[in-house]
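Only one chain is shown below, in structure tokens, and it's the form predicted on its own.
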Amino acid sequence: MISLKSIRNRFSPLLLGACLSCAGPHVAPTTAQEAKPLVGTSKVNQFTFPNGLKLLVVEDHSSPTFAYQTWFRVGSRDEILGKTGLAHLFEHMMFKATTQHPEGEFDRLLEAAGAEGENAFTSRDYTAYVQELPKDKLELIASLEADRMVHLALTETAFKTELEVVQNERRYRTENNPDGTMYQDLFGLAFKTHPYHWPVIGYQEDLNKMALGDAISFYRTYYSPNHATVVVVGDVSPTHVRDVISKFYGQLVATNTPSHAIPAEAAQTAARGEKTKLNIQIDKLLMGYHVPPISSSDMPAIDVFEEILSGGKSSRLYRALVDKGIASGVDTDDIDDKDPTLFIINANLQKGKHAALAQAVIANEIQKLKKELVGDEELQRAKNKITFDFYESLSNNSAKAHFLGKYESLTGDFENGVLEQQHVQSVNAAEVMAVAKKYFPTENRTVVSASPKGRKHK
């Protein structure tokens, strides 16, 4: 993640994009769709501007604040081998100086305005910038975000500073972190052609040879209004937000993105595995199964399958691994990507227990779900838990904005996320069995296991 404490320095700016000094006249959006329901009485107002910028607004007066999030539809998926890590690097670069604001002023202005939760994050498919502010600070944040969307001062000094930060972050999170190392190995083994093959943070050798020109090209290609969605949730009026966004973003120019065909990953036809030795005290296990993208109609059934398998202390894997003293913890993650991705099961073994044992137990529990229909009580409990977690996860402005930005970025319409949750309640036992058979055969599995250095593998 980014560091919000910057060192102010002098720079020779590289001018990019249109001038924002006067923000430009009001430009009406080309489309304003009818508000769509989110949860409860919350409705999402959607606007699209002539330059391609999308705007989602949810009015909620329960607190005199609002969340403001900018989601760019670019992530490590959009990189090429040899230049990996650019998307994440730009998460850092976006907090440097612009042609209108010297380094450090962005953070200083937001801190003075009472902003909370300022952050940024990069995934395989998107990069997002988030804040929450008092209700009267909408023009301030809109002006600052519109400014850095096109006016970064991309200098050699700023580039080298942030590149060094990212290189150190990679050493900390991947090279010197067992979990980071194993996740990199798992995706590298499971994907042979698709860019999910490489880690979001990039490869060290690519970071080492990266140049300022690479950053400039990436910025000019992907940081523009037609690649972005602004999400505003809180004590605001949708029409006022529309007018403010139009004022500060309306004159920004869309860019033509060069065609970049994402290679499809061929179906995996044989199980893959890797055993490694790491500086750890206990065995660790990662198992990945190829599953469809987040937009798939199978996703509600996969959600229920996941909850039954690993959702809390009553789940099958918890009872089979943790309650039996084989593992200290077991969980699943990473199944919400734009393209076909991995359903990941991870387990930390108890001291003296081996990853091979946990792998066999997990495979056995999956096999049961292929052969035996889930009982009504267990099925309904899983669906109720998913629905409860969904509503609980939308309990504040920032969480609602995150949900909207994520699904809008990954599927093209936030409503797909709402529909997925609604369809969970109609999933039946036969559908759970069907996805178990379809996506969890042995030949579709990739396994990375690690044991302590100095001990023989089992």
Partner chain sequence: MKKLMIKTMVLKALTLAAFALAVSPMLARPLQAVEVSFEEDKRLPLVYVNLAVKAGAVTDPEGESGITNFVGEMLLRGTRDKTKKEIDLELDQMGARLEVETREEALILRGAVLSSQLEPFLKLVLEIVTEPSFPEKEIGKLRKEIVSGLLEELGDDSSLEARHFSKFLFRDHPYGNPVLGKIGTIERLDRAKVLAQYENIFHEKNFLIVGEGDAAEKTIQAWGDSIGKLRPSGDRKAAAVVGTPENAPERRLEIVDKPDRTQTQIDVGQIGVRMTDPDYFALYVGNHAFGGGSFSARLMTEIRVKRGWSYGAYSYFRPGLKPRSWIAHLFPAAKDAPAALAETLHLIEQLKKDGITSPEFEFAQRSLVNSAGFMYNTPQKRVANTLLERTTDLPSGFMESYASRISALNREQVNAALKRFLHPEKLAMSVLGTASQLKEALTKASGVKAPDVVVVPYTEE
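Please read these numbers as outputs of a predicted model, since none were measured by experiment. Residue numbers count along the first chain shown, from 1.
In what follows, reference is made to the form predicted together with its partner chain, a form of this protein that is not presented.
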| note | As a check of understanding, the residue in 377, 156, 205, 372 with any heavy atom within 4.5 Å of its partner chain in the predicted bound form should be identified as 377
| Candidate from 113, 216, 262, 363 lying within 4.5 Å of its partner chain in the predicted bound form - any heavy atom | 113
| query | In terms of non-hydrogen atoms within 4.5 angstroms, which of the given stretches 205-213, 120-128, 363-371, 248-256 touches its partner chain in the predicted bound form? | reply | 120-128
| query | For the spot marked by 164, 385 and 396, is every residue within 4.5 Å of its partner chain in the predicted bound form through some heavy atom? | reply | yes
| Partner contact for residue 340 in the predicted bound form: its partner chain, 4.5 angstroms, heavy atom | no
| request: Determine whether any heavy atom of residue 351 comes within 4.5 Å of a heavy atom of its partner chain in the predicted bound form, and answer yes or no. | output: yes
| task | Verify the contact flag for residue 319: yes if a non-hydrogen atom of it lies within 4.5 Å of a non-hydrogen atom of its partner chain in the predicted bound form, no if not. | result | yes
| request: Mark residue 227 yes when one of its heavy atoms lies within 4.5 Å of a heavy atom of its partner chain in the predicted bound form, and no otherwise. | output: no
| task | Give, in sequence order, every residue of 97-112 that has a heavy atom within 4.5 Å of its partner chain in the predicted bound form, or say none if there are no such residues. | result | 103, 107, 108, 111, 112
